[in-house]
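One chain comes next, on its own, written out as structure tokens in the form predicted alone.
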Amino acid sequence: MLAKNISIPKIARKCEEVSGLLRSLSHPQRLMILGHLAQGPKTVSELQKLCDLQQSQLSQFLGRMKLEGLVACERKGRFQFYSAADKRIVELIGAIQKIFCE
């Protein structure tokens, strides 16, 4: 249901934003990566084990997801920790998991 106070141009912009996000989430491996990141920050090696991906594949996914604003990266010592870039992504992944995985 659409809010009554929101203008049509604003609704159109939000629809474009959400559509782009859903397009970015449409790959099964990306969903799996974000599902793990929704639980908290992870290193590449942790994600590699959890997602059963080769390091090169995972790096490609993470690089593109970082450019798209889905993940953030923070260096701590000699490790890079990846996390979901936005709490709305965590909430969306949580809703998807609740609907489809429980």
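One-based numbering along the sequence shown. Since we're looking at a predicted model, the values are computed, not measured.
Not on display, but discussed next: the form predicted together with the DNA.
- In the predicted bound form, residue 39 stays away from the DNA, with no heavy atom inside 4.5 Å.
- Contact annotation: residue 87 falls outside 4.5 Å of the DNA in the predicted bound form, judged by heavy atom distances.
- Contact annotation for residue 44: at least one heavy atom lies within 4.5 Å of the DNA in the predicted bound form.
- The partner is not shown here, but in the predicted bound form the stretch 58 to 84 reaches within 4.5 angstroms of the DNA through a heavy atom at 59, 60, 61, 64, 75, 77, 78, 79, 80, 82.
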